[in-house]
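Heads up, the chain below is alone and in the form predicted alone; it's given as structure tokens.
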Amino acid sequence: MRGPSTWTMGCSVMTPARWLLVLGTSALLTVALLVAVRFAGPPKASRAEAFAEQGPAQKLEAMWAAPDFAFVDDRNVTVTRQALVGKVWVANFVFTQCRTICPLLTSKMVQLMRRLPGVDARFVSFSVDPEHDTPAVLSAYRQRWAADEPRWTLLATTQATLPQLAAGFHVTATPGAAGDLDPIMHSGVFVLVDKQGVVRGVFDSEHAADFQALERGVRVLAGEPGRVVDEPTDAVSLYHALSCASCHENEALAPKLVGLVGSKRELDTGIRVTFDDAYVRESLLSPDAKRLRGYPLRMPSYDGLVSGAALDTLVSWLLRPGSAVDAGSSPVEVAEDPVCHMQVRVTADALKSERDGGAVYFCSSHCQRRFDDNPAAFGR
């Protein structure tokens, strides 16, 4: 039996002094490794997300030059980085077939534009789906979201240049793997670029403080305080100003809202709730608290973006009596996309492929193509 004063390591005997020396050396090496990892930073593709995590405390310092590009926009006009010199601009990254984060990102972009009336800035949405998002497709997307906004540009990228664009902005834009929720994995940040084409901030607009910091940053860099936004006082104008119609008038993205007062809604947890004042208010302020079954879309929070009076007006309008059939009184029929495993509402216009075992439903044409090319890879 060994006494407390010695430990055996191989064929040698370690004295307490030597053991302490080994422990101290190991500790120093561990600290050195942690420091190296800490300052090595995240992979280049996620560098923008790392900056966004700093939140609204960003000081608008020069970060890196925005990459060169030349893409055709939704008006069939070629737009380049050089063409934007002299303008402050905000960039984000979306694709039109996305049913999860992209509608939220586009809604936030539209909100930002509407909160900056009269400010000489530009707003640029790069498509991360070159295969599908042609200028014509992007034009239709604009019509649904903000047809009358001349400062917004939607750019159709190409398969050859998208990787270079993503690397230049230090964002992620790659095809999703089988089983991923989205067919394309991409960053959800907003990038603020100054008049010289230099990135001055990266923001996560999903958080109210970040969104407000982004708005302030645009104003500061543009050198224009801008006029105060006049909040609509009638419910219909509010409904459209908050981009509610862009999603809720497309039942593939979000449920209809009119004429549902008193109806039962089924959540993704299986619990059924009543469409009443408390539910509508919570959905507007904390939309992730109760998510309807069959809808993967992330809804933006309007907490801090609308006044109490505007909230009351909108809620009262949504709760007005209607003659619509109670869409939530019967169970919602959903199917699982075999490619990404997303829940899909089974409707007449849902994407589907017929197999021997019946219809197979998909969240997007991406998943449908992947399935049709090799059904066996997905167990069919």
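Here the structure is a predicted model, which is why all the values come from computation and not from measurement. For every residue, the number given is its place in the sequence shown, counted from 1.
Omitted from view is the form predicted together with ligand HEC, to which the following refers.
Among heavy atoms of residue 92, none comes within 4.5 Å of ligand HEC in the predicted complex. At least one heavy atom of residue 300 is located within 4.5 Å of ligand HEC in the predicted complex.
Taking non-hydrogen atoms only, residue 52 never approaches ligand HEC to within 4.5 angstroms in the predicted complex. Within this chain, residue 162 is remote from the site of ligand HEC in the predicted complex, having no heavy atom within 4.5 Å. Contact check at 4.5 Å (heavy atoms) against ligand HEC in the predicted complex: all three of 255, 292 and 314 pass. The stretch from 129-137, 199-207, 69-77, 247-255 that comes within 4.5 Å of ligand HEC in the predicted complex, counting heavy atoms only, is 247-255. Only one of 153, 157, 243, 97 lies close to ligand HEC in the predicted complex, with a heavy atom inside 4.5 Å, and it is 243. Checked against ligand HEC in the predicted complex, the residues 104, 88, 113, 173 give one hit for a heavy atom within 4.5 Å, which is 104. For the partner-free chain shown, 265, 275, 279, 280, 283, 284, 287, 290, 291, 292 of 264-294 come within 4.5 angstroms of ligand HEC in the predicted complex, judged by any non-hydrogen atom.
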